[in-house]
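Look below for two forms of one protein chain, each set out as structure tokens: first structure 1, then structure 2.
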Structure 1
Amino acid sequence: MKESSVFLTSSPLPFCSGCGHTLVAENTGKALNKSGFSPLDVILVTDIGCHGIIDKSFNTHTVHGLHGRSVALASGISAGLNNPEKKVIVFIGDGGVSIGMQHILDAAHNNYNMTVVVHNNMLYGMTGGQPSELTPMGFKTPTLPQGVDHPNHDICKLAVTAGANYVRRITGIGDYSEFFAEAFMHPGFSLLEVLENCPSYAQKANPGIKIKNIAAESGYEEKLFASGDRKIYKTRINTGTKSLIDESKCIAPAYSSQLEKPVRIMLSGSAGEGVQNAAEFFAKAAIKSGLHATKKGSYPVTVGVGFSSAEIIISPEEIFFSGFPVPDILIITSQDGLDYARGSLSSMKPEGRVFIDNSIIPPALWNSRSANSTGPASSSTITSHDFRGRAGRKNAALYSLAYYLNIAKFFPPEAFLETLTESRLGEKINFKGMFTF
């Protein structure tokens, strides 16, 4: 469809041959052209599922959501924009509808200014062909070859009951862009359900199926269910609310630094041993010394078990990101930290520095350069130190940063000591001893 080229890239669409998702994408582009939108006025929010791989094919803003959550994300975007000149479109499959049905009902109820396009191929296409809550009775899938034995939900009727301004069901064959354009131009919440065929699963499980026949047999009636004029949602602006940035919590520089370029420090240890707190205190001390600082934390969902790693950037210039692919400095305080940081360790440059607790592997092995040895594989200079023995496992991360700061002197150690002393931990721990090396 040539008219859709403004909104779609020139690359071939990523779907299986014969997949109805291709027509949905092409008709969306054509309808947006008809409606007079520009690509930068359109925000496309996609869900998990085969349809979601379309993101890279649209020349619009795109947001990729979690399974069943694309409508919730789009609701927030619509309410945040508060601008009827922008077009928020949701792509979601029947599987996503099954998981996030309540989000659709709430969006319709609140009449958020958005259009939800339901790609209903009547099964979960990305995960093996399981039936969804929109799969009609009698329809067969690879995981349910005997066919579904209970009626499906009707998302169109549910959306109408919830208060949707515009609802239509169509069969995804040929050029149906006029219906899309109609929905896109309708104010408030609109929903289009497109009945499709999945050539990979539905066609094989139901030989010879025709979408028109399935629609007729299952009661999936093609029609306009609603075209109302309810007042669309408008975000209330409260001008009397205080700023979320509390000026009293801003860190005023009290020290100076001679640092001339950014330094990337990775602190890697065990969960529950204060790695994240240590990194935050270090970043605050850097800011107290007139530097810019960011901190990015990584740890498993178990929180108290396994590794805990923090990536710290300190810089004399403003920082526009957090985290980094390769550290300049790597500090490892435990075996968990070493296991997690091996990839970073092996990718470090020769001018990098590695500091590691000597309880993990005997210090004599730390000069090894072989990946097959018991020591680490790294071209950087490696130094071992008794972090855990000197400060205990709970304070090893703090002590290791203090130890390194004493060597590098990126900013005065007094700034770090003062930051720690002023914290709640300062009431429990005598940090002055930690700065004696």
Structure 2
Amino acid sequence: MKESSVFLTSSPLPFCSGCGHTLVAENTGKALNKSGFSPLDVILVTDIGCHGIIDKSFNTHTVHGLHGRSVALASGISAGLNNPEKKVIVFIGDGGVSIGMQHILDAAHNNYNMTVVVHNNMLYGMTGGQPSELTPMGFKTPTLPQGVDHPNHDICKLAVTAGANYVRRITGIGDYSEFFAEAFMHPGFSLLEVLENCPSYAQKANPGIKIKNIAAESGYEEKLFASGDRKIYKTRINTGTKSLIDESKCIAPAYSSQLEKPVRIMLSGSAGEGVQNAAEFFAKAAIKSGLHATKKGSYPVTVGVGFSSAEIIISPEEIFFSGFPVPDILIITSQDGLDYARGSLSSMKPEGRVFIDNSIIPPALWNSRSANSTGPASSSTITSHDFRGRAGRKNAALYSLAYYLNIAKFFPPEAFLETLTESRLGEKINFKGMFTF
């Protein structure tokens, strides 16, 4: 069917004699002629495989990527161009479909503007004739002389299910450029599967095969599977997004602090009990008092259950090392918190202080060093207090920090109260009441 095309060079195409890939290339050139595109409005993206080495023969833009990834690459190109006047075409083999099937489903699903041409010669040509996921049952290959023992995937049906706008299977004989032109002109994601022969491997392993017969035997129907008009992908570009910096609220120093060296405070409680918020407000209150602060959280991946622990550093000087080898102060507001903090508890130094909700300590763990003469194994002084009883489950964490701040006076408790009152929670919760000790 050789016919001159502005899209295809006149030099011989790089495939074995009789290879179905030659016809696909020629039909593509002819169909592009018919469709009225100019060569540099076309971007041909080729996969790895024999079919993929065709890029040098096309006068379009060409992109030759990785095995199986061409459809994802072309999706990015199509979305990046964001221009329905451009034609993105992917050449891929049945091998590429096997290793990169998700990309095809994804591209069909998103309905990127592009046409995928599947060169289905029912085996991996370039690597020596191994079976793919599209190799039909019974089909032999040089590496599988007994033939494939299970049915093939049907990429046309899969593409339809995923939402492709246009899908057609063709037996790759003669001039089928009409169908190609139809697909190229169809907006959105289109897929053409061409059943082909690989004379070098398929022919030898299956003497006398005819593509038509194989197609009929394996249920590879030659037909139009879909021709729809689902909305095509459009890339959203919003150049007016707001600066993240401008959105961050500045904290002006309104109080002062006599703190002389950094203090590491660990607050350990249960998920859903406001531990992280409490720690963040505390840190902000420290900043309000002219201190530097850091805060990080630990919680299980299932954020709504189990422990929730926060580590706060407040310091009169800039903080470089935000690690937390040993807390100076450990506040435990729930059993989950105790379970999580056991390691920290036992590593604490004699000058450290531990506050623990008095509802949660199993007596077996108490030792003689605590202020109430019993407490979990730790060399720090342990004080128990009724955080949960006084402030309720939801506010025990906040209250415990306020309680301790009132004792330690690292910075004025008023700074903490003000930070809370000014916060989004200020309207809902009476923090003032909580600051009576």
Partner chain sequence: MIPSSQKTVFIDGSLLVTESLVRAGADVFIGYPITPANLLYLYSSRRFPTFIAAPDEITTLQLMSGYSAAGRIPVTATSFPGYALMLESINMAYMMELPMVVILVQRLGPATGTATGGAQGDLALLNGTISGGLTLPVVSISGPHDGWVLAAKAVEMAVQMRTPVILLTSKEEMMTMFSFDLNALEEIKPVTRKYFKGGDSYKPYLPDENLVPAFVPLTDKNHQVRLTASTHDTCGILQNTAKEALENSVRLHKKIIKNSSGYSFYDLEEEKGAGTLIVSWGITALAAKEAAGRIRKEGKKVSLLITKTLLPVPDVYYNIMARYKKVIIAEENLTGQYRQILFGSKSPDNITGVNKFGKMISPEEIMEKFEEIYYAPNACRQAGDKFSQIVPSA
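The first residue in the sequence of structure 1 is number 1, and each one after it adds one. Values in this document were obtained by computation on a predicted structure and should not be read as measured data. C-alpha atoms forming the largest set that superposes within 1.5 Å between two forms make up the rigid core.
The chain as displayed in structure 2 is taken from the form predicted together with its partner chain. Remark: with the core as the superposition reference, the CA shift of residue 197 between structures 1 and 2 stays below 2 Å.
For residue 156, the Cα coordinates differ by under 2 angstroms between structures 1 and 2 after the core has been superposed.
In the core-superposed comparison between structures 1 and 2, the C-alpha atom of residue 282 has shifted by at least 2 angstroms.
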